[in-house]
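Quick heads-up: it's one chain on its own, the form predicted alone, in structure tokens.
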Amino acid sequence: MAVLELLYPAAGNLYGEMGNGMYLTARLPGWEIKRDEMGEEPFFVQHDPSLILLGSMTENHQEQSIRLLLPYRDRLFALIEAGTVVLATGNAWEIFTQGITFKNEGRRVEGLGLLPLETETDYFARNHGKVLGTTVGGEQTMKVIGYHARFSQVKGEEVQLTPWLLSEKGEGMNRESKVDGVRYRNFFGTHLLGPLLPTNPDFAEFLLTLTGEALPETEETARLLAVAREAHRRRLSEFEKPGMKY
């Protein structure tokens, strides 16, 4: 059975991020939905989920997530290497970097280490805004829109990574970069919020096709897609207007 695994949904709920799981639940009638709360053994430890979703969280929850996932890191990385689809949005993907340095506290927390990047968090340098970009490095390209809101900058040797989004307008993973996020096999990490999936339904469909699972096609899902695509079209036209502030 196809399974959507929501990893720590009670923690990863900032900026409307629960909307990603809500959208997929409506899009995927018949799929089993697993919700892993902190303190529970994640579903992926003993099973093979079709898609794992992790949303933006507080910095305290970032640290807690790293601690909780460290015992299962090898299993999680094995799933990623095997092609399991994982989407980490907002600052959630930063836990997969080599480490997070909390500049104001003078300390560094080891990350899960999937990505050859470093994260720096500065509570006196919050930045936020809109992003308009085009996906790169994948089977198809598409326009993606969203928002970011964070205290962090992610830096490293981007040449070693497959970027996910090339920002046409708005900030990338750091102030000097136009690259937002990364793709490693079927792992997608991005700072974009929105929530991302209902805001970009064609990307959501692409993500679901990577699972290899049959996607439900009903009158309800057709209506959902039609409404989401029309909303995306209208919002994209607004984002593309000259003079739009980013």
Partner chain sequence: MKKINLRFFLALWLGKLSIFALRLLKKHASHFPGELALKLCPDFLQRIPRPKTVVCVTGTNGKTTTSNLLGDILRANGHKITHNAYGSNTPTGISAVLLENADLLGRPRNEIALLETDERASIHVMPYLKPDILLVNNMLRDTFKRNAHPGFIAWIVGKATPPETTVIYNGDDPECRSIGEGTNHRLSFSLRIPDTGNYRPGTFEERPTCPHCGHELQYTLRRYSHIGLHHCPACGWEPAAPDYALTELDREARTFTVTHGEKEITCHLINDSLANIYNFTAAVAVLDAMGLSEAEIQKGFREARIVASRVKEYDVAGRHIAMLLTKGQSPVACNNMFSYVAKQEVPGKLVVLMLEDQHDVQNDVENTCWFYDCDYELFSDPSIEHLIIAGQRSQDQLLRLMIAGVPEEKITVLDTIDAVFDAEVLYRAKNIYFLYDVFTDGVAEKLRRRVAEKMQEGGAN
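All of these numbers come straight from a predicted model, not from anything done at the bench. Residue numbers count along the first chain shown, from 1.
Form predicted together with its partner chain: not shown, discussed below.
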So which stretch, 164-172, 98-106, 113-121, 76-84, is the one near its partner chain in the predicted bound form (non-hydrogen atoms, 4.5 Å)?
98-106
Assess the spot marked by Tyr23, Lys130 and Ala231: is its partner chain within 4.5 Å of a heavy atom from every one of these residues in the predicted bound form?
yes
His47, Arg67, Lys34, Arg185: which sits within 4.5 Å of its partner chain in the predicted bound form by any heavy atom?
Arg67
Is there a heavy atom of Pro198 no more than 4.5 Å from a heavy atom of its partner chain in the predicted bound form?
yes
May I ask you to state whether Pro29 is within 4.5 Å of its partner chain in the predicted bound form, using heavy atom distances?
no
Non-hydrogen atom contact Met38 with its partner chain in the predicted bound form at 4.5 angstroms
yes
Flag Lys178 as yes or no: does it have a non-hydrogen atom within 4.5 angstroms of any non-hydrogen atom of its partner chain in the predicted bound form?
no
Heavy atom within 4.5 Å of its partner chain in the predicted bound form: which residues of 203-238 qualify?
Arg223, Leu224, Val227, Ala228, Glu230, Ala231, Arg234, Arg235, Glu238
